[in-house]
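First comes one chain, alone, set out as structure tokens in the form predicted alone.
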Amino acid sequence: MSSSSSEPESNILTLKSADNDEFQVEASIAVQSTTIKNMVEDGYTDIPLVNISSEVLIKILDYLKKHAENSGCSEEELNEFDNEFVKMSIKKMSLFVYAASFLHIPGLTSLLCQTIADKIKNKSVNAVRRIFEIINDYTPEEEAEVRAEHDWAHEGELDDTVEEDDEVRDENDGESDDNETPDDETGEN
């Protein structure tokens, strides 16, 4: 079934993004993704990734190339690359988490999730709600009860700020979306 003329072709995979863009990638790079590896093992060379945009796929492919065994990068170079890779808003990073999870790239998923965790560490409940677009559906009484039950989570100095890039924005007008929930519903004054 394999001939010497088809071997070089089998080393190149075509990944098709949700935007219908096609990317030619060496199999040795792409199979760092368990999802792609399984498809290659099933005989696929054209791989549709219908839930991953071109923008996200390009950056993930850069990550895979840099983290390939034969990239020749030192630990320090990889750490620098990773630090640059995650310089994006939490909202954008969430798209990468979904893609890395779908593609089953554990190292990338861990990097992204740890970065998000670091960004929300010591944030107030209200800041986290704004970052992740979580609507407060507690009544003031219910919220007071939850705060009393989990008092430890509200101790110390909590940061109520949200970085501009991480704040939820309405795509139509670019305005901040934090006025969607009135102060009296969040328990703030």
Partner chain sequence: MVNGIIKKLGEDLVNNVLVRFPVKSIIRLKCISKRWYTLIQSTTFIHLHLNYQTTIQHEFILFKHSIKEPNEFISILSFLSGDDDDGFNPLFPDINVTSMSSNFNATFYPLLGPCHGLIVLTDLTTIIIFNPATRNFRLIPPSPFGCPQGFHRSVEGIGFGFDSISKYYKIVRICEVFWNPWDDYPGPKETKIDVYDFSIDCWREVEHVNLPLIYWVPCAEMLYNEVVHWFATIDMSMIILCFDMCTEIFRNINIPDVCNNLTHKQYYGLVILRGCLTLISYPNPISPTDPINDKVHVWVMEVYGVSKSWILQSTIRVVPVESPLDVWKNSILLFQSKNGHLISYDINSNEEKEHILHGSPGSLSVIVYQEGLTSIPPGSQNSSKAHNF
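Numbering follows the first chain given and starts at 1. All of these numbers come straight from a predicted model, not from anything done at the bench.
Absent from the display: the form predicted together with the partner chain. The rest refers to it.
For the residues 142, 55, 62, 26, the 4.5 Å heavy atom test against the partner chain in the predicted complex is passed only by 142.
A single residue from the set 46, 41, 69, 133 has any heavy atom within 4.5 angstroms of the partner chain in the predicted complex; that residue is 133. Candidate site formed by 109, 146 and 155: every one of these residues places a non-hydrogen atom within 4.5 angstroms of the partner chain in the predicted complex. When contacts are judged by a 4.5 Å heavy atom cut-off, residue 98 counts as touching the partner chain in the predicted complex. With a 4.5 Å cutoff on heavy atoms, residue 91 counts as touching the partner chain in the predicted complex. None of the heavy atoms of residue 78 is located within 4.5 Å of the partner chain in the predicted complex. Although the partner is absent here, residue 113 is a contact residue: one of its heavy atoms lies within 4.5 angstroms of the partner chain in the predicted complex. Taking the partner chain as positioned in the predicted complex, the residues of 105-132 that bring a heavy atom within 4.5 Å of it are, in sequence order, 109, 110, 113, 114, 116, 117, 120, 121, 122, 123, 125, 128, 129, 131, 132.
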